[in-house]
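One chain follows as structure tokens, the form predicted alone.
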Amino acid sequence: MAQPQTKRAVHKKIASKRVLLLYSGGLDTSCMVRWLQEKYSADVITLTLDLGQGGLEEARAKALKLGAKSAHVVDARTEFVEQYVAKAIKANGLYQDQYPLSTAIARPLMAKVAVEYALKEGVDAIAHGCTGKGNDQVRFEISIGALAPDLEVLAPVREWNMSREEEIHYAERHGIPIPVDIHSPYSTDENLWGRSIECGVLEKPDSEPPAEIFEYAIPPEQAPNQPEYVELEFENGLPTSLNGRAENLVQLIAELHKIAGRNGVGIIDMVEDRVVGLKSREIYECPAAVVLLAAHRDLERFCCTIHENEFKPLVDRMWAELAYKGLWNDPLMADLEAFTDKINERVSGWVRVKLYKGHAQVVGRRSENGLYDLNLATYERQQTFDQSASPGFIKIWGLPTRSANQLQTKYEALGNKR
């Protein structure tokens, strides 16, 4: 009984006060504007970040129509790619080797800006539209707690206990315009780095995703029958030009989305392990991310030593874990990024990627920092590798293995087993 009493106390504290709502314009947060007004008699201020998803002015107008006292829209595209996406590229950021963390890395930025506006507006609480089953509640609340521990955080979806169908009916009863209906119940989140799609038939892991859900990439079988090539220039680990045209990172990602997407590249269908412990079937569209991460990873290996190449994936994996699990502001994240920044000081060069029916294959790379030496690697007469040194190397390298096997043979001869 203690938990419900705590919730009632929170309701009383927030009643008739000001709440900053992280507002997307979708089903959950649109219902939330009205629900916060009804439940807490709160003045609602909305905050929407432009991360490349579009439709921002429509979201602002909708929030005001629903009764928000004010509606802020912030263009955060440049900060997102320079301070968040750039770090993901340097860390080859993939959760469980598949997910490029498109939604995950946007949440700490949204939390940061929300705290800035909450302090400026003098609100009593920040509200978000996350469910109690998802990862985003963890990402938002840990980041907000790290930046402003005294701010109250509200999660109405955890309180109102409505199914998605019930939410749709709630919206219909209250005249709330929403972008879904019961027959098309998909929930999406998108930004410059990618797009995620959930709900509906996608919750059945044995069902193929219908083609209608995709916006960034066409199904691979519908892609052109001829491959398309892209050439990327990198400087200090970050892409600086696409097909010979120097572009800022926002422009480059947007253009690469179109090129890779029309070749069916970037569709990811996976069952991932959420922070809260359950498994979830997730569909992502990340055309630019898939290409850039493949190109960066290849160039990085080309420029680094064998020891760096064996250690770096451990750092990358931990970085992705922290980003996915909401620990963007943990000190370990800064420690890992110090390493990835150092490694990427040498990752400059050119990469050619072949795009064909859903595949992105690196087919060429060149760098002044590359450790590949043709004169050492070639099998032609001009090779400079001293093959006469190999027998001694092999004898020493294999010494531990030979010694262990000799000992095992001795034990077996005596009828023993190790």
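Every value quoted in this text rests on a predicted model; they were computed, and no experiment measured them. Heads up: residue numbers just count along the shown sequence, starting at 1.
Omitted here: the form predicted together with arginine (ARG). The next part is about that form.
Enquirer: To verify the annotation, which of these, 98, 187, 243, 309, has a non-hydrogen atom within 4.5 Å of arginine (ARG) in the model of the complex?
Expert: Comparing distances to arginine (ARG) in the model of the complex, the residue within 4.5 Å is 187.
Enquirer: Within 4.5 Å, heavy atoms only, which of 103, 340, 143, 92 is in contact with arginine (ARG) in the model of the complex?
Expert: Contact residue from the list: 103.
Enquirer: Just to confirm the contact call: exactly one of 144-152, 128-136, 109-117, 158-166 touches arginine (ARG) in the model of the complex at a 4.5 Å heavy atom cutoff, so which is it?
Expert: The contacting stretch is 128-136.
Enquirer: Are any of the heavy atoms in residue 319 no more than 4.5 Å from a heavy atom of arginine (ARG) in the model of the complex?
Expert: Residue 319: no, not in contact with arginine (ARG) in the model of the complex.
Enquirer: In the model of the complex, does residue 348 have a heavy atom within 4.5 Å of arginine (ARG)?
Expert: Contact check for residue 348: no, nothing within 4.5 Å of arginine (ARG) in the model of the complex.
Enquirer: Is it the case that residue 324, even though its partner is missing from this view, gets within 4.5 Å of arginine (ARG) in the model of the complex, heavy atoms only?
Expert: Residue-level check for residue 324: yes, a contact with arginine (ARG).
Enquirer: Using a 4.5 Å heavy atom cut-off, state whether residue 272 contacts arginine (ARG) in the model of the complex.
Expert: Close contact exists here: in the model of the complex, residue 272 approaches arginine (ARG) to within 4.5 Å, heavy atoms only.
Enquirer: Out of 256-286, which residues reach within 4.5 Å of arginine (ARG) in the model of the complex, heavy atoms considered?
Expert: Contacting residues: 272, 282, 284.
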